[in-house]
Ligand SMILES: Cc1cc2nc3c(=O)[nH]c(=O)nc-3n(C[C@H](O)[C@H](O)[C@H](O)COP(=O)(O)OP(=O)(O)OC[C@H]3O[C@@H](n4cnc5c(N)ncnc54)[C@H](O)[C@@H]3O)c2cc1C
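The data below hold one chain only, encoded as C-alpha cells and taken in the form predicted on its own.
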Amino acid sequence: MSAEPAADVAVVGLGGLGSAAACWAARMGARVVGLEQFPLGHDRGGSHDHSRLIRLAYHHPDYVRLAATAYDVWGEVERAAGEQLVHLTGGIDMFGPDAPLGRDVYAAGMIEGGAEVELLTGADVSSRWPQLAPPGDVPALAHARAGFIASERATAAHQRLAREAGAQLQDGCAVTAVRPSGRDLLVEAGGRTIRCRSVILSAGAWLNELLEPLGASLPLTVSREQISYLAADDLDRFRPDRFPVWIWHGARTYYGFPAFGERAVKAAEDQGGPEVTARTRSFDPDPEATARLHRFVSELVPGLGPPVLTKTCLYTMTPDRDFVISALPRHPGIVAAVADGHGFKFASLLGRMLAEISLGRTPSPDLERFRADRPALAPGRDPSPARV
C-alpha cells in the first residue's frame, strides 16, 4: 500500500471524545483525518443516546474544577454551532447508608473546587421536588449547576464543526494498525495507509487491539451497561424545567434525568453490567438488571412505571476510574483517550486537551492523574477504584 499525503493528526474513533478531538484539532489549524469503523452516530460504543449528565458534584476538587471549565468549553461549542447543547436542571445527590463515600466528602470536594452546594435531607428534597420520595432522614445535597448534555446532538455538532474547519471524516473505515515510521506514524485503514505526525486513539473498547502490537496496552475493563426509559403517569411533571437530574449513591448507584428525547423518563444503574469485549458483547438488555432498576426507581420516583425502552452501551474503564488523556511514554506521537463512565460531560474539554497534546502543546488543564504512565496503571497494580 502506498502512503497518502501526510496529515498532521489522525483521529481513530469518532464517538463523543474523538469527534471533539477532531473538531478542536481542525479549529487549531491542523490537517485532520478522522476515521470511524461504523457509521457516524452508531450505537456500539459508549457515547450515544439523547443525554448525558453534567454536574459539579464530585468528591475530588480536580474533577470539580475540570467540570467548571468544561461548561465554559461547551459554551464555546454552542456559540460556534448555533444551538443549545447543555440544559441546566439543577441536581440532587442522595446518599444511602451503604454509600462508599458520604455527603460530607462530596460537599468538601465541591467547596474546595469552588462549587456552591446546599446540604439537605430527604424530607427537604421531597418538599422541593415532590416527584422524588427518598427516606426523610437520608443526607442529600443540591447544586444548581447541574443538568444534561444533548449528547447525540453534541457529537454531531463537533463533527460538523470539524468538517467546516477542514477535517476529513470518514466512517465505515476500520483502522487495523498504527505503526511508527521514522518521525511519522502510519495508520492502516480501509486498504490504504495514511502518514501523519500524530495519532489520537479514541477507540473505546477497541483501544487495546491497536495498542497491543505496540507493546503499550492499558489495564482496561469493558462492561456492557444499559439505560432504560420509564413510563410516566404525568410526563409534564418530568419536564427539564420541573425535574432535576439525580443520583443515588449506595452499594449500587443509580441516576436519572428529566424527560428528553423520548416520551419517557431515563434512568440507569452505574456500572452494574457484566464484563464483555467489544466483539462478543450482546445488544440484548439484561432482564434482571432492568427489573432491578425498575424496583429501585419505582420507590424513589413513585410517578414512574415500568421501562418502555432499554438500550445498551459499552463502558471502557481504567482500574481507578480516572481518565487517560496522554501521549504514550514509548510512542509520544500516539495520544490515548479513555473517558467512559463519567466522561461525556468533559468531552469537548478533553477533546481540546487531546488536540493540544497531539500538536505538541501543553494541554490546559494539564493533570497528572490522567497520564498513561501513572502508578495505578502499572502492571500488577490493583488500586481501589475512585468513586466519581
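Remember, predicted model here, so these are calculated numbers, not experimental data. From 1 onward, residues are counted along the sequence shown.
Just so you know, the form predicted together with the named molecule exists too; it's not on screen, but the next bit is about it.
This chain appears without its partner; in the model of the complex, the one residue of Arg27, His60, His331, His342 with a heavy atom within 4.5 Å of the named molecule is His342.
Think of it this way: in the model of the complex, the named molecule has a heavy atom of just one of Leu211, Ile227, Ala140, Val297 within 4.5 Å, and the residue is Ile227. Using a 4.5 Å cut-off to the named molecule in the model of the complex, not one of Ile200, Glu356 and Phe370 places a heavy atom inside that distance. From the list 90-98, 172-180, 76-84, 104-112, the contact stretch for the named molecule in the model of the complex under a 4.5 Å heavy atom rule is 172-180. When the named molecule is considered in the model of the complex, Leu14 lines it closely, a heavy atom lying within 4.5 Å. Looking at Pro134, you'd find every heavy atom of it more than 4.5 angstroms from the named molecule in the model of the complex. Of the heavy atoms in Leu53, some are within 4.5 Å of the named molecule in the model of the complex. Though the partner is left out of this view, Gly351 does not reach within 4.5 Å of the named molecule in the model of the complex, counting heavy atoms only. In the model of the complex, the named molecule lies within 4.5 angstroms of at least one heavy atom of each of the following residues of 23-41: Leu35, Glu36, Gln37, Phe38, in sequence order.
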